[in-house]
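What follows is one chain in C-alpha cells, specifically the form predicted alone.
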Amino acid sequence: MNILYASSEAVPFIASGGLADVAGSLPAAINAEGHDCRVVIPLYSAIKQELRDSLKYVTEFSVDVAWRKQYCGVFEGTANGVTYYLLDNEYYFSRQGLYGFYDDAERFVFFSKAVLEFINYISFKPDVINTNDWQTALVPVYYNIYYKYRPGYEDIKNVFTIHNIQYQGKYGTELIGEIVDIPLYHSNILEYEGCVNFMKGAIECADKITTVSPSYAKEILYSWYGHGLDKILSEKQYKLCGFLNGIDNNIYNPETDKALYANYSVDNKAGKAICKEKLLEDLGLAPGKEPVIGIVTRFVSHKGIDLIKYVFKDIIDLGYKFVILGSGEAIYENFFKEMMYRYPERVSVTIGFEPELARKIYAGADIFLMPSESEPCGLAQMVALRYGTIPIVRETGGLKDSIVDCGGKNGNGFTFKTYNAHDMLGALIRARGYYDKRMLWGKLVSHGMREDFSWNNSAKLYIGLYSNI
C-alpha cells in the first residue's frame, strides 16, 4: 500500500510535541512491513539549515486560498528510510515558531489544500491519506467536496488521528466564505455549536478515526474528556478506534545514549547507579540512596501538578528527592521554585526544556511521576521504563493502557484511579515500600526494561486498518 502521512510537524525536521515523534517513527515502522509510507509537512523557516540543505527541489504550483492564489514549492528529503515532502510558502511558514499566530486558520487551510494538490505533481498516488489533529483536519473535507471524483484521486481513503482533542481548530463562522472556501450548502460539515470546527469536519468526512490509545478512544465519548466533541463522536463511534503509540527503541536506548553519564543494560545495570549519583551531584542535591522522583513535563493543570502541590511536604517526609524539568503556567513554576528554596538538598527544578537533561533524568531517577488528569497517550512513561525508571501514573488514557500496577500480575509500575492527591500519595507509599526491598525493586526494574513499547505492534494495527478500508 501507498500511505501519505500528513502532519504539521515531524522528527527530525521540526518538533514541538509528541505528534512530531509519531510522524517521525510510525511511517518508518510501516515501511519496515513492506509498504510505502511517506510524510508531508510544512517547510518552516525554523528547520535547521543543515536539514534544509539536504532537501532537493521538486516542483511548484499555485494553491487557491479563497480569492487568493498562493505559491507552493515542493521539496523532498529522506530520513530514517522515509521519504519526506516539505511544502514551502514563506508568507505562511517563515516565522518564529509553529503555531499561535492570528492567521493559523488560513495557514493550515493553505497546507490542507496543498497536501491534496501536490499529489498531482509527484509520482506517488496514495491509497490512504492519514491526517493528524486540527492542522490537517480539512484534508478529508476538501477531498470529499472537491477531489473525490477528479482523475488521479479515485478511491483514496482518509484516516484522521486525534492526538489531543482539546485543540480543535475552532473559529467564527465567517471563515467559511472568507478563508475555508467551501460552498454554503456544505457548511454543515464544519459548523458545530455556533463555530467553525476543523476537527469536527474531519470526524464527519474521514473513513476512519483513530486516537493514540484504546482507553482515550473510549474516554473522548464522554463530556469530561471530549471537550464538546463527545456528542458527534458518539454518533460516529462506528469508525472510531484507538492504537497505543510507541517509542523508537534506537533513539531511547540506555546502552547507546550519549547523553547519559554512563551506559547500561537490563543485564548490567551498574551504569544506572552512576547516572543517579552524577545527576544528584550536578544538580546540587545531597548524595545518598534515597529514592529520586523524576518529573519531565509541561506545567499545566491537566498534567496533575495540583495533586503534587497538595501533598508535596508529605512526599518529602517519605524520604523522596525530586528532580524536575519543565515550564508552563507561572503559578506552577513559582511553586516548584519555592519548594527548591525550601528544600535545597532535596529538590532540583530546571525551568525550560533541555533534551540532554531530560535523558539524564530518565536514567538517573528511580521513579517517574505522571499524575495526569488526562493523557491521550503519553510517551514519557514508556521512555522511563526503557531506562529502568518505574512510573507512577493515574489510570487515564495511554497511561492506563501501558502501565500495570505492581499489585497484580506482570506489574510494571504503580497506578491510582481517582484524580485525588491522597490516592497518588498512597501509590508513592507503596512504591517506597517496594524500593526498600532491594531484590524486589531490582526485579521490577528488570521487568520494566524488558517491556516492548516499540512501534512494531502499533504499525501492524495501522496497516490492518488501512487494509480494511
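All values derive from a computational prediction rather than experimental measurement. Numbering starts at 1 and runs along the sequence shown.
Omitted from view is the form predicted in complex with alpha-D-glucopyranose (GLC), to which the following refers.
- Stretch-level contact check against alpha-D-glucopyranose (GLC) in the model of the complex with heavy atoms at 4.5 Å: of 174-182, 370-378, 269-277, 355-363, the positive one is 370-378.
- The partner is absent here; in the model of the complex, the one residue of 212, 137, 159, 109 having a heavy atom within 4.5 Å of alpha-D-glucopyranose (GLC) is 212.
- Interface residue among 170, 208, 163, 346, judged by heavy atoms within 4.5 Å of alpha-D-glucopyranose (GLC) in the model of the complex: 163.
- At the 4.5 Å threshold, heavy atoms of residue 297 stay clear of alpha-D-glucopyranose (GLC) in the model of the complex, well away from it.
- Not displayed here, alpha-D-glucopyranose (GLC) is kept clear of residue 459 by more than 4.5 Å at the level of heavy atoms in the model of the complex.
- Contact check for residue 22: a heavy atom falls within 4.5 Å of alpha-D-glucopyranose (GLC) in the model of the complex.
- Contact between residue 197 and alpha-D-glucopyranose (GLC) in the model of the complex is not found at the 4.5 Å heavy atom cutoff.
- Contacts to alpha-D-glucopyranose (GLC) in the model of the complex (heavy atom within 4.5 Å) from stretch 219-246: 245 only.
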